[in-house]
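In the block that follows, a single chain appears as structure tokens, in the form predicted on its own.
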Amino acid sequence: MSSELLSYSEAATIVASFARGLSRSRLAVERVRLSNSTGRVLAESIVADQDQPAFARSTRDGFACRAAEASAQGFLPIAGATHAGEAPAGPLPGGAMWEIMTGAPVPAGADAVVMIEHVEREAERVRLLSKRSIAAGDNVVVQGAQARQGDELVSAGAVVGSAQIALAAACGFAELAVYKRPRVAILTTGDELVPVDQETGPGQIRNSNAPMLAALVVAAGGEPRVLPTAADTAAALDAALRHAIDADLLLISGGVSAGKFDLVEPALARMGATFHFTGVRIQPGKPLVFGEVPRREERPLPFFGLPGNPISSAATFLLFAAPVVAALAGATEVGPRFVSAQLSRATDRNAKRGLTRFLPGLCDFNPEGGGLPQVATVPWHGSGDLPAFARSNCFVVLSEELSSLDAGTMVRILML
């Protein structure tokens, strides 16, 4: 492999190709209750158990009619009434209307529903107001308009959200077949790290990366397994890596730069690792490593060596590791989540060209007065600045040929 660093797009292409190559046919499947399925990935399609809707239904409170008769705007007798939940009634007699509620079955013979506020009523007869019109099909959803019995409504590989849950419930699915969450081992390294609940000594910091990465893994569809922190020794790293070998993905935080105690790459090499790339022209996250470790009876274990600074770890996870977690979870859409926004103020004009930069930003998606989402970079002091990161909800992307962006520029942002 060339020692030249890859561009962001080159590295992203390698990861996307790897993610697409993960076969869902090899993923384990389980059944979960519909109420517990949020965020899971469908292993089997949701299929319509009956026509959707199962009967012609009204979308308004009003009167079912024949549009041609109602359009004459003469008084017509009310022949009956149907409420939501009642069996289909009718047929509608000629020259009559039928009182109906939203969601109720439209009686046979009716081809439209006049809204209740568009009629004049006298006792048990109604007529269309003179300034109103009605046409066949108005305010009626015919049987099977949305789907036919047996139609595939949501394909395997879709992530289950509120809309999919509502549809599954409408089709009688009390349980869904979903892919098991991939097991993601999280290994943080460094003599300076102490547990969250421990007081720090001179030169020590609390291990913030492990819980942060665990939260990111859950959001991406995985099941995190946090390993004990490994010391900066070859023996400690070798032992820690052996404990991670049964995971579906390994995330290693720290120890991937070029310093004296950056021992992760040599430890991976001792396990026979194949490195797909070692370093990317991005900031933060330049030392990122991606590869696979061979296993005897299973497919190789993919791994990411993430930089130890927390913002670097978060950015590289979102850009590269999250798509692999999603693919291992069975999802078909696995890329990073980029959206567009308008820059509300200029960025720092001293950015170094040659690196794609991901700057912590805060996006207002509902600016006062409406209009486009407005985003601004958050002042920060490098990739260890957790207070700045906690004030952010995105990264503003600055491509490698630029040193700054002016206010008003449309930019891509990476969502957190």
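All figures in this text were calculated on a predicted structure; none of them were measured in a lab. A residue's number is simply how far along the shown sequence it sits, counting from 1.
The same protein also has a form predicted in complex with ligand AMP, omitted here; what follows describes it.
Listed stretches are 266-274, 97-105, 158-166, 204-212; the contact stretch with ligand AMP in the predicted bound form is 204-212, by a heavy atom cutoff of 4.5 Å.
Checking 323, 221, 224, 307 for any heavy atom within 4.5 Å of ligand AMP in the predicted bound form turns up a single hit: 307.
Think of it this way: in the predicted bound form, ligand AMP has a heavy atom of just one of 331, 244, 92, 193 within 4.5 Å, and the residue is 193.
Proximity of residue 285 to ligand AMP in the predicted bound form: non-hydrogen atoms within 4.5 Å are absent; the residue sits far from the partner.
Contact between residue 139 and ligand AMP in the predicted bound form is not found at the 4.5 Å heavy atom cutoff. Although the partner is absent here, residue 292 sits far enough away that none of its heavy atoms falls within 4.5 Å of ligand AMP in the predicted bound form.
Mapping the unseen interface onto this chain, residue 189 counts among the residues with a heavy atom inside 4.5 Å of ligand AMP in the predicted bound form.
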